[in-house]
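What follows is a single chain, given as C-alpha cells, in the form predicted on its own.
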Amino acid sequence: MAAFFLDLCAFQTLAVVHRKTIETHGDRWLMARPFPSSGCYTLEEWNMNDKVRLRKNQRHWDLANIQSDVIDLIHLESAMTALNLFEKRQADIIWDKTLIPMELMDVLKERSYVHTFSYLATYFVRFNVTRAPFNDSRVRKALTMSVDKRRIAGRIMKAGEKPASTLVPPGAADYEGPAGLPYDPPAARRLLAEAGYPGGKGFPSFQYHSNSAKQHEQVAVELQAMWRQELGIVMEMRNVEWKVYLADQNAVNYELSRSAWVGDYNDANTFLDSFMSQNANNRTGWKSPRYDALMREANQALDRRRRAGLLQEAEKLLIVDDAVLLPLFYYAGINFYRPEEISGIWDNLVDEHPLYAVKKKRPNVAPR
C-alpha cells in the first residue's frame, strides 16, 4: 500500500480501458471505431491537426450530471492564434500553457478572463554530475548560490511565478520541503575557490542546454550574466529544437540543462521519485544508495509525519547536500475563461478540471 494510492487511482494512467479491443487491435486500439469508452464522453471525431470531438456517453452511470453534450478540443500550435480565437469567442477556454502568449502577460493579467493560481510545477536546472567540473558538489553549490532567483521570477516571468528553493512546490499534500541553498554570492565564490577555481580562473567554458523558446532563452541570458558577474565563469547557450533537446537530456548529453517538472498527482513523491538511481526521469547521472533507501522507506510508510520526515531528508540530500539540481521558480497556473459564460472550473494545484463538470452558461456572444 502506498500513502498516495488514491491519487494514483485518479491518475490517467489507471483509467479503465476495454480489454477485448486491445486484444483485437494491439497497439492500434485507439483507432478502433466505434471507440469503446466507459467515461463521461465517447470519441465522435478525431481529425489530425484539427480537432477532437467528444459527445456525452449515453450509457454512462452518472449521465444526469454530465453538463455538456458536445466538447471540441482544438489543435493549435500558435499562442497568438489561440488568443485571437478566444478573443473572438471561437474558443471558450485556454488550458494549454504553451498556448498562452507569456510575453503579453503584463497586459493580459489585468483582464477578467485570466485566472492565475498556485500550481504543482517547478522550473529548474539539471547538472550532469558525470562531467567535470560539475562532478564536484562544491561547484554545483557555487552555481546555485550565485543565482538571484527573485530577479529571474520578477524580470522574465509575468504570471506570479515565485522563486524556488526546493524541487517540491509549496502546497504538496502533507509535506513541507527543507530549507534550500540560500542566495549567497560570497559563499559561492569561496566554494568555487575551494574546488580549485578562485575567481573563476581555470574554470572551463560550459554549455547550457535548452529548447528554443523565447522564455527559456531569456532565463539562460540571466544565468549567463549572473555567473559571469558573481563567479567569473563563462557559460555558452545551446538552444536546440524540442526533439533534439529531449534526446540529449535522456542520454545525459549535456553539462547543464533547462528542466521542469509538473506534478502528476498531489504528493511529493511525484517529484522526488524521479531522482532515484534507476528512474528513467533522473537524467543527471546521479546515483545515491542513501537517497534510494530513503525513498523506498517513504514509499512504504503510512504514518504521514514519519513519511514527510523521510521525504524531507531525501530532498535535502538532493538539493542541498549533493546539489544535483538548481531550483529556479515555481510555476503559476494560468487558465483563460470567462466565469460569466463557463462554469465547472475551479483552481487547484494540479490544474485538473473534469470535463463532465464544465458547462456553457449561455451561447457565444460576438464581441463589439
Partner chain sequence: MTSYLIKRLLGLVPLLLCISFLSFWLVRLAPGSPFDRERAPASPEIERALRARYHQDEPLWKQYVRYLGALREPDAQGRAHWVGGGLLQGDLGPSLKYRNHTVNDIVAQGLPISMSLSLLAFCFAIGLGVPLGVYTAQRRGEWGDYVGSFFALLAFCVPGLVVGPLLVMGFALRWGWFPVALWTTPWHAVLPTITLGLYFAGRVARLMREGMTEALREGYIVTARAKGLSESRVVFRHALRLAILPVVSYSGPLLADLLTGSFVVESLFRIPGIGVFMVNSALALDYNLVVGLALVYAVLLIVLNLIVDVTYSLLDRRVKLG
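Positions refer to the first chain, counted from 1. Please read these numbers as outputs of a predicted model, since none were measured by experiment. Take the two forms, superpose them, and find the largest set of C-alpha atoms that agree within 1.5 Å; that set is the rigid core.
Below: the form predicted in complex with the partner chain, not depicted.
Only one segment in the set 128-136, 163-171, 78-86, 192-200 has any non-hydrogen atom within 4.5 angstroms of the partner chain in the predicted complex, and it is 78-86.
Just one of Tyr183, Phe117, Trp261, Trp95 comes within 4.5 Å of the partner chain in the predicted complex, counting any heavy atom, and that one is Trp261. Just one of Leu30, Leu63, Val70, Leu302 comes within 4.5 Å of the partner chain in the predicted complex, counting any heavy atom, and that one is Leu30. Every residue in the set Met48, Leu246 and Arg283 has a non-hydrogen atom no more than 4.5 Å from the partner chain in the predicted complex. In the predicted complex, at least one heavy atom of Gln90 sits within 4.5 Å of a heavy atom of the partner chain.
The partner chain in the predicted complex comes within 4.5 Å of no heavy atom belonging to Ser277. A residue is said to contact a partner when one of its heavy atoms sits within 4.5 Å of a partner heavy atom; Ala187 fails this definition for the partner chain in the predicted complex, lying far away.
In the predicted complex, no heavy atom of Glu176 sits within 4.5 Å of the partner chain. If you fit the rigid core between the shown form and the other one, you'll see the Cα of Leu355 move by less than 2 angstroms.
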